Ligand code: ATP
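Okay, so here's just one chain, in structure tokens, the form predicted alone.
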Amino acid sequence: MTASAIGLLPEQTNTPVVVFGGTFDPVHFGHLQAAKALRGALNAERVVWLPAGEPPHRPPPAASAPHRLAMLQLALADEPQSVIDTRELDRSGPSYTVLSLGELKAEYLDQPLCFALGLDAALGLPQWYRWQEVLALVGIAVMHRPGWSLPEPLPPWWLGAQLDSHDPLPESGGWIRVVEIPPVDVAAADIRTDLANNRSIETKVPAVVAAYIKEHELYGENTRV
């Protein structure tokens, strides 16, 4: 792992590693529970949290990179199986996922990398920058919540890569596995709306994150300071 990792764990070969990316604007209980479910379902050694710097295909995050990183550090302080990787925050220019995954794969040569995506993001993978390289580098762990249905028919590129739940994870990329995630009715956009309307967010984020947001008056006019 690079020097950009926070909360470094010893290397263990052949054990899956979950890569969990996002803006985390702010990090909330939905993120935390999804990461825990992924690690358990995939028998993963750790979760590498990969906060985005400048997402190329969406508006910039409401909170600045230092604030988002600080909130993530607070939320994960008691999560020994989690590592925060800041390479996308440190990189100038757009946060193209293929660049980060290529670097991570070079560091975890003998371990399956499981890149976590929501169902909509996974179906939209062909619109990503160099998407075929993304799929070749890693496996895709598709987060599927109860009550959701996979579309029929699935695209051929998905069908050709899909693994069953009992199949072993290849060390190389090019595979897709659907992982059931507990239902959590929380979204970062809703949290920002709650804050803008002076509604409580204490059931949606860890208490330390709520305190940080209040202390720094985040998600108002001067959030990105």
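Rigid core here is just the name for the largest C-alpha set that superposes within 1.5 Å across the two forms. From 1 onward, residues are counted along the sequence shown. From a predicted model like this one, the values you see are computed outputs, not experimental measurements.
We do not show the form predicted together with ligand ATP, though everything after this point is about it.
J.: Using a 4.5 Å cut on heavy atoms, which of 195, 184, 42, 178 is close to ligand ATP in the model of the complex?
T.: Partner contact (heavy atom, 4.5 Å) among the options: 184.
J.: By the heavy atom within 4.5 Å rule, which residue out of 89, 74, 143, 98 makes contact with ligand ATP in the model of the complex?
T.: Selected residue: 143.
J.: Among the candidate stretches 131-139, 74-82, 110-118, 90-98, which one is within 4.5 Å of ligand ATP in the model of the complex when only heavy atoms are counted?
T.: The contacting stretch is 110-118.
J.: Quick one: does residue 166 come within 4.5 Å of ligand ATP in the model of the complex, counting heavy atoms only?
T.: Residue 166: no contact with ligand ATP in the model of the complex.
J.: Taking ligand ATP as it sits in the model of the complex, is residue 15 near enough to touch it, meaning that at least one heavy atom pair lies within 4.5 angstroms?
T.: Flag for residue 15 set to no.
J.: Within 4.5 Å, heavy atoms only: does residue 188 come near ligand ATP in the model of the complex?
T.: Yes - in the model of the complex, heavy atoms of residue 188 and ligand ATP come within 4.5 Å of each other.
J.: Tell me, yes or no, whether residue 28 is in contact with ligand ATP in the model of the complex, where a contact means a heavy atom of each within 4.5 Å.
T.: Residue 28 belongs to the contact set for ligand ATP.
J.: Heavy atom within 4.5 Å of ligand ATP in the model of the complex: which residues of 18-40 qualify?
T.: The stretch touches the partner through 20, 21, 22, 23, 24, 28, 30, 31, 34.
J.: Does residue 93 show a Cα shift reaching 2 Å between the shown form and the other one after rigid-core superposition?
T.: Result for residue 93: no, shift under 2 Å.
J.: Quick check on residue 145: with the core superposed, does its CA move 2 angstroms or more between the shown form and the other one?
T.: Yes, shifts by 2 Å or more.
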